[in-house]
Structure formats: C-alpha cells, structure tokens
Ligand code: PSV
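There is one chain below, alone, in structure tokens, taken in the form predicted alone.
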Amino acid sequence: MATRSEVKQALRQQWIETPSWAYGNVGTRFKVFKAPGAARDAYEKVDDAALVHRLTGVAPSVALHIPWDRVDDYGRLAKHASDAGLRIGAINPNVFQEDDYRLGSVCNPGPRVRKKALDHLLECVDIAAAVGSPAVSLWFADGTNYPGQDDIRSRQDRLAEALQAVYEALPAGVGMLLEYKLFEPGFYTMDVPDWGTSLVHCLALGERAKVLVDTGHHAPGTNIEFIVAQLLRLGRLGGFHFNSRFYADDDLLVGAADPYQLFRIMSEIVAAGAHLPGAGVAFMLDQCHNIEEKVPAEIRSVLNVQEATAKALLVDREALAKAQSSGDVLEANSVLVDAFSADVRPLLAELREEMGLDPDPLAAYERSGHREQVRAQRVGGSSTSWGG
C-alpha cells in the first residue's frame, strides 16, 4: 500500500483538463438555460478555467472546441492562456452542427460534404500546431437511422480515408484521439459506436492514434474498467472524457451517478501506473452545466476525480495480489471496498495546504467574488457554444 507521502506526491502531479464549453451556455437537446456571467468567448472561458486551476492546483490546461472557440489570432489566445497559468489542451473539431451534416460528415454519401468536413478537421490540425496543443480529439455524430439508409462498409471506408488524411497532417508531437459513442444522433448505426471500432481504426493509423473513452457513451451496465484495462494493455488508451450518466449521454458531473465506478476505473489506471502525466493518458472533463453553476461545477468535478484517484492509490496492491493468486474472492473484493470506503478528504485538504492552496476550493470560490464580478462584467453578447 502506498504511504501517505507517496499518495500526496502522486496527487501533486495529477493533471485534469477542463473543457472550454463547460464555461459557456450549454445544455440538453431540449433547452439551454442562459446563465448570468457565463463566458461569452474563448478568452473568458480561459479565464474561468484558470480560476479552477488556481483553486484546485491540478487543472493546468483547457480544451478548445472549434468553431465555438474560433479566434482571429491563436497565438494571442495561447499567450493569454499562458499568462493566466494555463496551456491549451486538446482541440475538438465540430462536424455535427450544420445542416450539411444531416447525413453525416466524413462518412456522408456526398463528396462535397465529406470534403467540407475534412477541411475543417485539417483546420483544427493547424490550430493545434498554432497553440501548442498535444492532441486533436475527434468525435463524429455520423451514423444512420434506418436499415438500408447507407452502406455500412462504405461508410467505414470513408471514415478510414478521412482519418488517414488527418493523421498524415499531424505535426510532430501532436496525437489523435478517436472517441466513440454507442448511439445518438444515429439510432440504427453509429460509425464509431464502440471502443473496438475506434481501436481498429487507430491500429491502422499508427502509434499516435489512440482511443478516447467518454464515460457517458456506453450502454447501461457496461464494464468500463474492463475496456480501460484492455486499452492500457495494448498501449492504446489515449484518455478520458469524464462525466456521469443515469440514462444516456447525460454529461453530468463525473461521479454523480456512480462514484464506485469512477473509483474502479481509476483503480485500473493506478494499477498500470498511468495516473501520472508522463504516462500519456489525458484526463479530461466533458460536461454540460445547464442548471448548475459552471465554475463551481467544474471545481466539484475536479475534486471528484482527485478523490477517486486518492482512493485508488490507497488500494493495498500486495494484499490484493495475494488474495487474487490464492483465489480468495471475498478478500480480494474487500481490499477494493476498503480503499473505496476511505475518507480521503482530510488528506486532500492537507495536501492543498502544503501546495499553498485553500484546503476547501469550493469555499474559496464562494469568497473569491468571481460570481458577482462576471455577472456585472459579462453583459451582452452571446456565448459561442452548444445552444448558446
């Protein structure tokens, strides 16, 4: 079992990336509730992300979504982030929000639409180079609603062709993350419905193409930690979009529905030594704050990932291995349950004080005056994000 100091040392190095879109007005398929003081552009989103990092100490990067975060000068945006103590994280193209994409983007039966989508993906590769991003993160809404609507194999060929073009355009040091989703908006087929499909395409591309696991993109009851373990074993786990689901792709705060699942996932990560930045696994949030306040919601999510990681670090690996090798089923399970049941909040509060942070980031946010400040300053304009 890791000592208290070893747990703290590992947690000091944790890196959790927050998404720019979480700070703007985003919502469900049905309604977006406009929030006073919500970030209206990429610069304000970076400012909010920087505040989350200052309060938690472990969120030093922010992902961008294009075109929601499109600016005239990406070098200036990167400098703005650097001045605020951040770096720009993954670049996320959007090829699902325009009328042209009704039948798909890179898998569309029409060559004009496929070219349009590919041009946007290549634009995002250029943006990644301009801001020093480590990855282009791809999710496709492409799919079909009816049997016979399109040829399934042909759509896979079109997808492979587009992915190859993007992969070949990647600058040195920039990777590709390919996300999958079980259903929605395609209800008969999705062109990247599962981790296996994503993995097949990544293996065909090369070592810099890896699978992105969104914790809300699976069927009910899916054993996500098994997927994580298998991808770790193959060296193809690129990262996570952490959120929480009750029914479908709910995009709620990570750990809200099943904190034990989050712990089990992190236990596999820690067991493989993949919890530190040097392992190359990106821990990113992907959430949609529609009825809750945005900045404190992101803080809460960061804290939830921290707590799950701390508990995973407390698993007695020696006792677990001994129970597993001897076939002691109940003892092996008890080792995990004991670690999950530990209250790690005092340890994390102590760690934050050692890092020069407030031991309670949410209380610190309440005292910061940020809420009142942005509500007074961010008046007019519109938020550039989903439904904004």
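Source: prediction; values computed, not measured. Position 1 is the first residue in the sequence shown; the rest follow in order.
In what follows, reference is made to the form predicted together with ligand PSV, a form of this protein that is not presented.
| task | Decide yes or no: are 15, 289 and 294 jointly within 4.5 Å of ligand PSV in the model of the complex, with each residue judged by its heavy atoms? | result | Answer is no for this spot.
| task | Determine whether any heavy atom of residue 21 comes within 4.5 Å of a heavy atom of ligand PSV in the model of the complex, and answer yes or no. | result | So residue 21 counts as contacting ligand PSV.
| residue 195: touches ligand PSV in the model of the complex, heavy atom cutoff 4.5 angstroms | No - in the model of the complex, heavy atoms of residue 195 and ligand PSV never come within 4.5 Å of each other.
| message | Please determine whether residue 139 contacts ligand PSV in the model of the complex, using a 4.5 Å cut-off between heavy atoms. | response | It does: once ligand PSV is placed as it appears in the model of the complex, residue 139 has a heavy atom within 4.5 Å of it.
| Even though ligand PSV is not shown here, does residue 244 get within 4.5 Å of it in the model of the complex, heavy atoms only? | No, residue 244 stays farther than 4.5 Å from ligand PSV in the model of the complex.
| query | Since the chain is shown here on its own, which stretch among 209 to 217, 302 to 310, 168 to 176, 124 to 132 would lie within 4.5 Å of ligand PSV in the model of the complex, judged by heavy atoms? | reply | Heavy atoms within 4.5 Å of ligand PSV in the model of the complex occur in 209 to 217.
| query | Tell me, which of 201, 158, 181, 275 has a heavy atom within 4.5 angstroms of ligand PSV in the model of the complex? | reply | Of the candidates 201, 158, 181, 275, 181 is the one lying within 4.5 Å of ligand PSV in the model of the complex.
| Of these, 53, 65, 40, 352, which has a heavy atom no more than 4.5 Å from ligand PSV in the model of the complex? | Result of the distance check: 65.
| query | Relative to ligand PSV in the model of the complex, which residues of 80 to 100 have a heavy atom no more than 4.5 Å away? | reply | The stretch touches the partner through 92, 96.
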